[in-house]
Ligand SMILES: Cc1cc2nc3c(=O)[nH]c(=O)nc-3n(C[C@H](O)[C@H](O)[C@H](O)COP(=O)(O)OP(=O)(O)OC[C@H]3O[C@@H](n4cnc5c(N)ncnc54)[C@H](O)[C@@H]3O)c2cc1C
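In the form predicted alone, a lone chain appears below as structure tokens.
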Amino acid sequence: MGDKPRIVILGGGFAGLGAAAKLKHADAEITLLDQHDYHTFQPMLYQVATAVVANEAVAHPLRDVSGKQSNLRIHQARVTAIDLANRQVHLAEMEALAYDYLIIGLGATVNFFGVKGAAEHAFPLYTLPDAVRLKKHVLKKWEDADKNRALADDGALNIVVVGGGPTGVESAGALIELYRGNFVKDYPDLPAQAAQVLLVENRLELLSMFKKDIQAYAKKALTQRGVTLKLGEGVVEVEPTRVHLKSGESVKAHTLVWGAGLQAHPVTQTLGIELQKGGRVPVGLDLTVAGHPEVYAVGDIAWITDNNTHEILPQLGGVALQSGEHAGDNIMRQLRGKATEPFDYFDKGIMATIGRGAAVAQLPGGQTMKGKTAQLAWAGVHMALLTGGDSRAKTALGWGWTTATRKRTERISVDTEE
């Protein structure tokens, strides 16, 4: 690496990896920075938390990527600030990095919307450590209750899931199946059948981005599995053993899973520009930041207007991957002295899985799928999107075993402090 153009990519998620892949043949020095040394497949984090698949099934070493791309270097470092004026990225563990082109794809963090106690006591599901922490916590609650029955009477086994979007619906469905399919047998001396999974959603419907027939199907599927739905309801305070709702009800529950919203990575506050809702970075049609044609914002951190519908694109994996790829393509154009092109998002549809034999899918043309057909489609799409053959193999094994036996062999908790 010498005096070539310096391209810095912030974030090793879908957006960052998509950009790096498009820059594979660039005559440039490319550096990718992430606070972790692995890429996380976020759509399946709830399956780690509910013991369907192992941690390694949703995480892939980032250095496997750099090993296949000679112009790419990867550093595990935390970004603390971005100096647009001087074209530098400041890091916690390294000296500042200068850039000629910058792609900001740091993603988002959980938004608790100011709910009292949520930041301290809720369990989000946005990172791999989040998923591992939730699984360990749930397993411990059952083990503690097995030793002290009074804890079960106090709601230690109950779980409140906040949010009726895909994260909340998928988490609630997976948790109730873990409860009814495994814990009723694991803990015969506990009132396992009475343990509750409650889903709380401010809106009057689930999966608001889907059509009405899918919303109705999701509601019925969750209810049949034993999930208690509280629609048109909200959480106003979270305590270690109680969840307080806006209706005044106090729910006995020692676990609250938060799947209700995101906000942009806090590094956006260092840019010195006017941000949009949730701290997201506004970008032009070509995904560059206003006044900085050398800087791109992509994925969950970006406020991207759809070039066709003129609506703001959602914080989804598909948007992240495609926007990252487009930023990489545009930098390739700039390196060749060509003009950038506007980003055209291709909507491939949206999906969610509710439980065994129950999933939903809505295709771009408006067609919908429900049940086993949708679950097969969901599995095929997610298997194809996983990074690395090893992750696919581990996922296939976990899914196959769970489907055939209904057993979840990943329901173990390892204490590293023993």
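Start at 1 and count along the sequence shown; that's the residue number. Everything numeric here is computed off the predicted structure, so don't read it as measured data.
One more form of this protein should be noted, the form predicted in complex with the ligand, which is absent from this view; the next part is about it.
**Q** Kindly confirm or deny that 163, 199 and 347 each have some heavy atom within 4.5 angstroms of the ligand in the predicted bound form.
**A** Not a single residue of the candidate spot has a heavy atom within 4.5 Å of the ligand in the predicted bound form.
**Q** Any idea which of 237 to 245, 273 to 281, 144 to 152, 311 to 319 reaches within 4.5 Å of the ligand in the predicted bound form, heavy atoms considered?
**A** Answer to the contact question: 311 to 319.
**Q** Of the options 35, 69, 368, 55, which one has a non-hydrogen atom that comes within 4.5 Å of the ligand in the predicted bound form?
**A** Residue within 4.5 Å of the partner: 35.
**Q** Which residue, 156, 134, 260, 108, has a heavy atom that falls within 4.5 Å of the ligand in the predicted bound form?
**A** So the residue touching the ligand in the predicted bound form, by this definition, is 108.
**Q** Is residue 84 a contact residue for the ligand in the predicted bound form, using a 4.5 Å heavy atom cut-off?
**A** Judged by the heavy-atom cut-off of 4.5 Å, residue 84 is well away from the ligand in the predicted bound form.
**Q** With the partner left out here, check for me: in the predicted bound form, does some heavy atom of residue 125 sit within 4.5 Å of the ligand?
**A** Output for residue 125 is yes: heavy atoms within 4.5 Å of the ligand.
**Q** Would residue 298 sit within 4.5 Å of the ligand in the predicted bound form, counting heavy atoms only?
**A** Heavy-atom contact with the ligand at 4.5 Å: present for residue 298.
**Q** Please check if residue 195 has a heavy atom lying within 4.5 Å of any heavy atom of the ligand in the predicted bound form.
**A** Because no heavy atom of residue 195 falls inside 4.5 Å of the ligand in the predicted bound form, the answer is no.
**Q** Enumerate the residues of 343 to 358 that have a non-hydrogen atom within 4.5 Å of the ligand in the predicted bound form, in sequence order, or give none.
**A** Heavy-atom contacts to the ligand in the predicted bound form: only 351.
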